[in-house]
Structures are given as structure tokens and as C-alpha cells.
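What follows is a single chain, given as C-alpha cells, in the form predicted on its own.
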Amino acid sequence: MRSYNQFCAMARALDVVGDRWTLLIVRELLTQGPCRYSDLQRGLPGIASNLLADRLRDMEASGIVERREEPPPIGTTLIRLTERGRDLAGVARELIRWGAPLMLTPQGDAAFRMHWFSMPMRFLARDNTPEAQPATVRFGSLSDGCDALIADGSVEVVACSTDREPDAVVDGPPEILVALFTGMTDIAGAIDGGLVVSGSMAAVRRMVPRPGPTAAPDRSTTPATGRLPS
């Protein structure tokens, strides 16, 4: 592990987490929770297996991650953040906030995983109708996505689960999702840009910023588009 060799808290922190991929590994463990090595690698397109192993070894030595042997029915080793590793959630949040304006333009062939959107959505989503019945909106799929649990004035974003039947399923280009949840477009504009909603449009509308006074009104949808009316 290289060091800046400076008696400075920021420099010392970067000695530990400043290497390439380290904070993205933290991102995966914050979004996925404890996971297998293969799940971690799948969420990090472009990383070589030996480099991931090296980074995990350094992070384990620094007290950021730990490995635990889980008994059946899991029956495998799971990698998880330690308490000190979870303290990096604030760092991740600020990096996401700072980087959000950079996400409105597609970057060629850049990889995207829907579950990456779960962290920014925790800070951007809201419950616009807290008096309504609880609802679940799934972004992406069980294999790559997240569930937004909307109830009582709050939105909890968690990993997808087979135990939940979502009221709506949302998919679409990442830049459109960013624009929708940062209030730069409304649902009608997002649909024009490629957003696809299956199920309750009302559940989706409930958790995104309210459209401004000049925004286009919501449009009715048809099964032929893969979008169903609420």
C-alpha cells in the first residue's frame, strides 16, 4: 500500500481508501450488503479477479471489510463491511452528491448496473402522499436492481427480494433516471426519453419530485408500450 507520508487526516484516509476500485468496492457492499465474491465482482465490471482479491486483502488488513463463513442454507463465505467500513457511507454520499451533475450526459459505452442507482435514490426519493397505503417500486430486476419501499412519509431503498411483489417495475436509461429524480424532467418527459413503467404509475409518481408549474401533465398509458395505467 503506497502512502502520501503526510501527517494529515485526509492524506492518511487516502492512504487507506484512495487506491483505484477501493471506494467502488465500498459502494457495492453498501448497496448489496454482505455478498459473495462472485456477486461483488459482477457489480464491478472491468476489475480483474486478482486485483479485486488484492484490494479486499488490503481492505481487510485496514479493518474496512471482513469475511464470515455462513452456515447452511447460505453455506458460503460472505464479504461485509465492518462498522468502520460502514462509516464510509457519508463519504460515498458526498461523492454521489458531487458527481450527480456529471451523470446527465451518457458516456458512450460506459457500463451501468441498476443497483448502483440505489444509493443516490436514498437521498433523492420522497413520499409525496404519506397518507396513502404502502407501496413497493422495483427498479430493474431481481438479479440487478433495488426495491423502494414507500410508506408513512419515507422511502426505504433496499436490495430486491423474492418475498416482495412490487406494485410497479421501472427500467430505463440511467441518465433519464437521474434527470427524473433530480427534478430536471417529469414523468412524461422521462417516458419520452425511454423510461418504462409496468404496473402502478401512481406508485412511481408518488416517489419522484413533484413536477413544476410548467411541466407537462401526466399522460395515460397503454399495455402496448409496456406501461400500464394505475
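Each residue number is its position in the shown sequence, starting from 1. What you are looking at is a predicted structure, and each value in this text was computed from that prediction instead of being measured.
Just so you know, the form predicted together with the DNA exists too; it's not on screen, but the next bit is about it.
In the predicted bound form, no heavy atom of residue 82 sits within 4.5 Å of the DNA. Residue contact check for residue 20: one or more of its heavy atoms lie within 4.5 Å of the DNA in the predicted bound form.
Taking the partner from elsewhere, residue 164 is found to have every heavy atom lying beyond 4.5 Å of the DNA in the predicted bound form.
Although the partner is absent here, residue 205 is not a contact residue: none of its heavy atoms lies within 4.5 angstroms of the DNA in the predicted bound form. Judged against the DNA in the predicted bound form with a 4.5 angstroms heavy atom cut-off, the residues 97, 107 and 124 are out of contact without exception. Heavy atoms within 4.5 Å of the DNA in the predicted bound form are found in one stretch of 44-52, 190-198, 26-34, 175-183, which is 44-52.
Contacts between 64-94 and the DNA, taken as any heavy atom within 4.5 Å in the predicted bound form, involve 67, 76, 77.
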